[in-house]
Structures are given as C-alpha cells and as structure tokens.
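First comes one chain, alone, set out as structure tokens in the form predicted alone.
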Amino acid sequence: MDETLSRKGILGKIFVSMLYISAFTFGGGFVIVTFMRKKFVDELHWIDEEEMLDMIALAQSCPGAMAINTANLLGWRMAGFWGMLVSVLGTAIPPVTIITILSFFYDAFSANPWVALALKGMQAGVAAVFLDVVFSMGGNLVKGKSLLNWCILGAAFLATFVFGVNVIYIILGAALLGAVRPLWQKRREGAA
C-alpha cells in the first residue's frame, strides 16, 4: 500500500472507492468484486491478485452478501478496523438507499414495460462482466498451478453443471481439500 497516504487519506480513498463501485455496479457479488479487484489490485496496487482471490473465496464461503463480506475483508486488510468500517459503509449505502427509494415506487416500476426492458438489457451487461471475472481471475488461478487444482476445477464444474450438486457441498469439499492438502504434503515430506 502507498505509505505516503495519511491514515485519513487511506480511509477516505477506501470509502469513496467503495461508494463509487457500489453505486454504479449492477449484478451482484461477482460483478462488484470484479470492480473491487480492478480498483485495489490493478489500479492502486494495495493488494495482489492471489490475496484478492483468497478474500473472494473466504467472502463467498461466509454467510451474507458477498460484496459486503469482500468489502469487510478488503477494508480490514488495508486499514484495520476503521478500514473495514468505512469499506462496509461505502459498499452498503448505495444499495440501501436505492432499495429504500424504489420501495416507495414499487407498484409503478413493477408494471412499467420500459423498466422491464432496461433490466433485460442490464442482464446482458452483467453477463459480460461475469465472464470477465471468470476469464481474468479464473485464468490467473489455474495458470501455472498443479494438476490437482485442474482436477478440482473440473470436478467442481461437472458436479454443479452435470450432476446438479449444491454449490455449498462443492465449496465445503474444496475447502476440505485445501485444508488437507498441506497436511498430506507435510506427511509425505516427513516420510521421505
């Protein structure tokens, strides 16, 4: 992280960045996480790609909204408790405000064909951003990694898309493999 920034400057930068990302991102957790990655990994260089992937995996496996969980972890990593607080606030304020306003006009919006068409158009944009997440972050994850990681990726894909296994079981299985793998390697090294 840039050490020349003051503590207030870092907190302000985190808050404004998260507020902006959250206010102008539609499509859920994976989409907002893509923009978080672009801001804090690619643009500011405050964390690296691998650390971001670890945060996303942890945020996805915790209960709650993925965007809030990731903001929580990012804020904590960048500036401790206060970073976590301003990051979560910056992420939560736009959707809470928008949902509050829309709730007053729900009847008018739900029946409006123009709103329905706009939402259909936004789905295509969200799909494109989601594919960007898959190719950029997923590509970096498997690039140069072990055969075991490729096997886990393939097995997870088959389990969910071919056999319809609940994603919770896939995440728990991958977490278990991730926890057991270092123990297995340590045991193998000790035996050799």
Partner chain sequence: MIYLQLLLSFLQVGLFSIGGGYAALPLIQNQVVELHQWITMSEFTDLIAIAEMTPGPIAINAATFVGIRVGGVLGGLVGTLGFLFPSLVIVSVMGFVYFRYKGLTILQSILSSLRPAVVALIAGAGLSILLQVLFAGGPMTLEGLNWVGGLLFCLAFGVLRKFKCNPILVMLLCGSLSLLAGLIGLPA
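The shown structure was predicted, so the numbers you read here are calculated from the model rather than taken from an experiment. Positions refer to the first chain, counted from 1.
The same protein has a further form, the form predicted together with the partner chain, not shown here; the description that follows concerns it.
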Next item on the list: Tell me, yes or no, whether Ala111 is in contact with the partner chain in the model of the complex, where a contact means a heavy atom of each within 4.5 Å.
Entry: no
Next item on the list: Please check if Asp54 has a heavy atom lying within 4.5 Å of any heavy atom of the partner chain in the model of the complex.
Entry: yes
Checklist line | Partner proximity in the model of the complex: Val16 to the partner chain, non-hydrogen atom cutoff 4.5 Å | finding: no
Checklist line | 4.5 Å heavy atom contact, Ala67 and the partner chain in the model of the complex | finding: yes
Next item on the list: Would you give me the residues of 149-180 that have any heavy atom within 4.5 Å of the partner chain in the model of the complex, in order from first to last?
Entry: Asn149, Ile152, Leu153, Ala156, Phe157, Thr160, Phe161, Asn166, Val167, Ile168, Ile170, Ile171, Leu172, Ala174, Ala175, Leu177, Gly178, Ala179
Next item on the list: Check Pro63 against Val180 at the C-alpha atoms and report closer or farther in the model of the complex, compared with the shown form; the change is 3 Å or more.
Entry: closer
Notebook entry, point to check: Once you compare with this form, do the C-alpha atoms of Val41 and Pro182 lie closer or farther in the model of the complex, given a change of 3 Å or more?
Noted result: farther
